[in-house]
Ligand code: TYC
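One chain comes next, on its own, written out as structure tokens in the form predicted on its own.
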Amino acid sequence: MTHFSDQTHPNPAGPVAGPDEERPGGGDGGGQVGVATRTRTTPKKPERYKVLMLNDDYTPMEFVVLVLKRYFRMDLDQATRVMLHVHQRGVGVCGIFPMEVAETKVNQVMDFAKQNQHPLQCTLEKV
């Protein structure tokens, strides 16, 4: 019986692997390792909407400040500034949100105003 260690290989690099054996250099015959890649699509940012409050001659300023504090989480100073802006210019931005959040806030404000018998109007506009 002859052992491989006793024989000289015709290939100076060593023995050649058979079809079911791993080849030197990574197993693909080229000495390179393949890397599987997956293309990822970057998620699209949600469209943003401005929630706008409209001035009217009937809704008390205190009620507007209350709405801004309650539904837009403004402090008293910020709510007062926005309320005065709405009063003086006719419209003011309450915040910028994804569409679903903006729609919810508009509905909450309109429902609250209606419950309190005020004609306060709130709307949204695409940024």
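One rule holds for the numbers: they count along the sequence shown, beginning at 1. The model shown is predicted, which means the values in this text are computed figures rather than measured ones.
Separately, the form predicted together with ligand TYC exists; it is not shown, and the next lines address it.
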**All of V64, H87 and L120 within 4.5 Å of ligand TYC in the predicted bound form, heavy atom check** = yes
**Item:** Contact segment among 53-61, 39-47, 69-77, 97-105, judged by heavy atoms lying within 4.5 Å of ligand TYC in the predicted bound form
**Value:** 53-61
**Asked** Heavy atom within 4.5 Å of ligand TYC in the predicted bound form: which residues of 67-84 qualify?
**Response** M83
